[in-house]
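The chain below stands alone and is given in structure tokens; this is the form predicted on its own.
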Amino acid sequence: MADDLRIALSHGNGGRYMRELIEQVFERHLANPEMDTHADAVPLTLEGGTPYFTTDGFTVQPLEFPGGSIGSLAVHGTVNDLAVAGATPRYLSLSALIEEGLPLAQLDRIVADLAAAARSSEVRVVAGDTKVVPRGQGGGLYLISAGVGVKPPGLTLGMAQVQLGDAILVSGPIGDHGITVMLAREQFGLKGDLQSDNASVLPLTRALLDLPGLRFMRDPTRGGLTGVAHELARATGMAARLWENQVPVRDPVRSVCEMLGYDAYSLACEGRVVAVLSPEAADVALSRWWQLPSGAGAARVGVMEPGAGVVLETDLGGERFLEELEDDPLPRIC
């Protein structure tokens, strides 16, 4: 594919150029031989539990960043929403809104990255759509995905299950994705070798599903750890207490946050799990996560207690309330 070829409005007009774009980029990476790739709807087989459905949109800028791209992010973001609900992802759909002028070679790389993420997550992209918008009316590329999965019978997860004294766990260092994307924009003259945590959390969630004390799981994307903690506090009528000296934050993330005034607790993650478990199950959960490459940095970071809101217990023994986000410190982060 020549490097100078770019998306034109004719790639979205329903004619030859659109057919060639779909065949040469999307079908080449995503086609399923056993399905009619030209049908307007496809049949799905769902057995073994309760069907779960989710949908998400992705507008990250830049489109490619250390650790992934908008393509792999679209797969992982959708797969992870199903995984933390306790479901096994089965199928995805994909809608691509492409801006006129996007290099075809870049689009091909992104779709290849998307296909690789789908294969590694054992999920199939079975339906899709492409649209082309005029130059200046997009962001290069927007992706909208929907996912279908199956949750096994007898598994009950949710904030209604959370109890006083339950432990709050996080599966690894927070803030990697947010700071990586920010550095990739080169807005502040800062550089680093940090990589996004953009990944499927299926291994992490599957490791916990048989634990009787598992109450709740969530992937801390926009709003980060603070956002999930506030959801828990509002839904349960309890306080979520976090311990500053236990929350894993990489040194480069901490340094950038200190320089630019960001709060690592509110930064997006794209490959982490926040889980709430009974105190007895928490130790077992940590031991299981530590055996996984993606869970090596897991930690018990807090507890549900009487009160309200989100309280951070500082290294010095003091306390401060972590406020819920109002402004968006890093727009177009996912």
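Sequential numbering from 1, following the sequence displayed. Here the structure is a predicted model, which means the values were calculated and not measured.
Keep in mind that the form predicted in complex with another copy of the chain is not shown, yet the notes after this line are about it.
J.: Going by heavy atoms within 4.5 Å, which of 206-214, 165-173, 242-250, 94-102 lines up against another copy of the chain in the predicted bound form?
T.: Correct option: 94-102.
J.: Which pick from 260, 116, 146, 155 sits with a heavy atom within 4.5 Å of another copy of the chain in the predicted bound form?
T.: The residue from 260, 116, 146, 155 that makes the contact is 146.
J.: With heavy atoms only and a cut-off of 4.5 Å, decide whether residue 51 touches another copy of the chain in the predicted bound form.
T.: Taking the distances in the predicted bound form, the answer for residue 51 is yes, it comes within 4.5 Å of another copy of the chain.
J.: Consider residue 61 of the chain shown here, and say whether it contacts another copy of the chain in the predicted bound form, taking contact as heavy atoms within 4.5 Å.
T.: Residue 61 belongs to the contact set for another copy of the chain.
J.: Look up in the predicted bound form whether residue 131 has a non-hydrogen atom within 4.5 angstroms of another copy of the chain, and give yes or no.
T.: Contact with another copy of the chain, yes.
J.: Quick one: is residue 137 in contact with another copy of the chain in the predicted bound form, heavy atoms, 4.5 Å cut-off?
T.: Judged by the heavy-atom cut-off of 4.5 Å, residue 137 is in contact with another copy of the chain in the predicted bound form.
J.: Contact check in the predicted bound form: 29, 121 and 283 versus another copy of the chain, with a cutoff of 4.5 Å between any heavy atoms. Do all three pass?
T.: Verified in the predicted bound form; spot residues all out of contact, no.
J.: If we check another copy of the chain in the predicted bound form, which of the residues in 12-30 reach within 4.5 angstroms of it by a non-hydrogen atom?
T.: Residues within 4.5 Å: 12, 13, 14, 15, 16, 17, 18, 19.
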